[in-house]
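Only one chain comes next, encoded as structure tokens, the form predicted on its own.
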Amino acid sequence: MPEPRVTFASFGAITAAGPDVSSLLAALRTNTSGLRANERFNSPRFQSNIVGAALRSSDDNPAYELANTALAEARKNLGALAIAPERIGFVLSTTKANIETLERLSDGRPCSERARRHLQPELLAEDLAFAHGARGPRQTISTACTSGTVALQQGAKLIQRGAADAVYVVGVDHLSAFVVAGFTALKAIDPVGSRPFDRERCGLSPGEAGAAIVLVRGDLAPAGIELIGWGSSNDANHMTGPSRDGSGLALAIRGALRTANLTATDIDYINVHGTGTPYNDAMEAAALRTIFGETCPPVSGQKGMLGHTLGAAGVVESIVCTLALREQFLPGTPRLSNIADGMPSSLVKEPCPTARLRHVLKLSTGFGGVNCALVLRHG
């Protein structure tokens, strides 16, 4: 018996581009970067104050606010869908949950009990699932910067093995002094803002976001964007540095193509991880050469627009892929001026319409050598 199809039924997002998906689409259409100077990081202890900040109101519980905002939009856009709460699963992807709590406690600032509770990812997931009526299986994914794509993979598996008919996949991480100081210690932040794949690139820009995608069993949802393939790997190269030859990411891509029953020639567009750090961008380029040779499909990434949103990145950028498929356009690579040597010549600088976009490959990589690839299909 064939496994059920998995459909992206609806989605929501709050990012540096704005408070909802409409704002994100508008920024993608115009290639507008949301990276801005933020006075919170005006200190010599940080490499840069340029970050991708979302407009939010919560002082002590930003993780819950960002995630809740995104999921509320996704559920509003979902419309009528008669699925029992016990058949709705929930998967949370995050690297730090409500890390704001630790900063407040260490500084002696007020911090609510609810905010303290949400320092623990599983309790953040529990409260979000309860608030949005998801009573089915619940998972929390924290696999560094692949968390979002792995969460989508896990959500799809819940549906395919019959554990759920729908799954809320939610990615969230918020800007914090802890994270910005950590990347500063690694000398991984670009002082003037992230420039993925650019000749002058020298680091990432921290960002924050909440993003949510509702996965639904294909026969219960209208035809739309489907998640048809996934693959993950670990190259075990270094605690923070990726394998220089891209072999681990290439392995994940092969796995995604295999489960999707496709070949490399079927891919119409690739949405890369694209942090803007020298090693990550070069590693992704090497992996793409391994799989696609010198005839790589169009490639772009949006961390020059949104910043690196950590556990939310894979979910946010999968929404970007979905918008591209739905609207039939190729997103650009914000802040890319001069393509660096060795990078794909098919990099898309500015957004442009396309006549046929059916299969999209989404890539994520992260600390610890983790890699994940997804394949999305339109129609």
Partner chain sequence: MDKLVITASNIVNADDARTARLGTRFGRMDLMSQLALLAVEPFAPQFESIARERIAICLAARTSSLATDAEYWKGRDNTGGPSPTLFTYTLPSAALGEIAIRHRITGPPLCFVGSSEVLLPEAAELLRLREVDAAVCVSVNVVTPTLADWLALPNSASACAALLRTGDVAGRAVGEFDRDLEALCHYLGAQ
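Residue numbers count along the first chain shown, from 1. None of these values were measured; they are calculated from a predicted model.
Note that the form predicted together with its partner chain isn't included here; everything after this is about it.
With its partner chain omitted here, the record of contacts in the model of the complex names 105 to 113 of 105 to 113, 127 to 135, 290 to 298, 78 to 86, defined by a heavy atom within 4.5 Å. Remark: G182 counts among the residues lining its partner chain in the model of the complex, judged by a heavy atom distance of 4.5 Å or less. Contact annotation for R199: none of its heavy atoms lies within 4.5 Å of its partner chain in the model of the complex.
In the model of the complex, its partner chain sits within 4.5 Å of a heavy atom belonging to H238.
Proximity of W230 to its partner chain in the model of the complex: non-hydrogen atoms within 4.5 Å are present. Contact annotation: of the candidates A264, A282, L220, A144, the single residue with a non-hydrogen atom within 4.5 angstroms of its partner chain in the model of the complex is A144. Site annotation in the model of the complex: the residue of A9, L25, V360, V370 reaching within 4.5 Å of its partner chain with a heavy atom is V370. Contacts to its partner chain in the model of the complex (heavy atom within 4.5 Å) from stretch 74 to 98: T95, K96.
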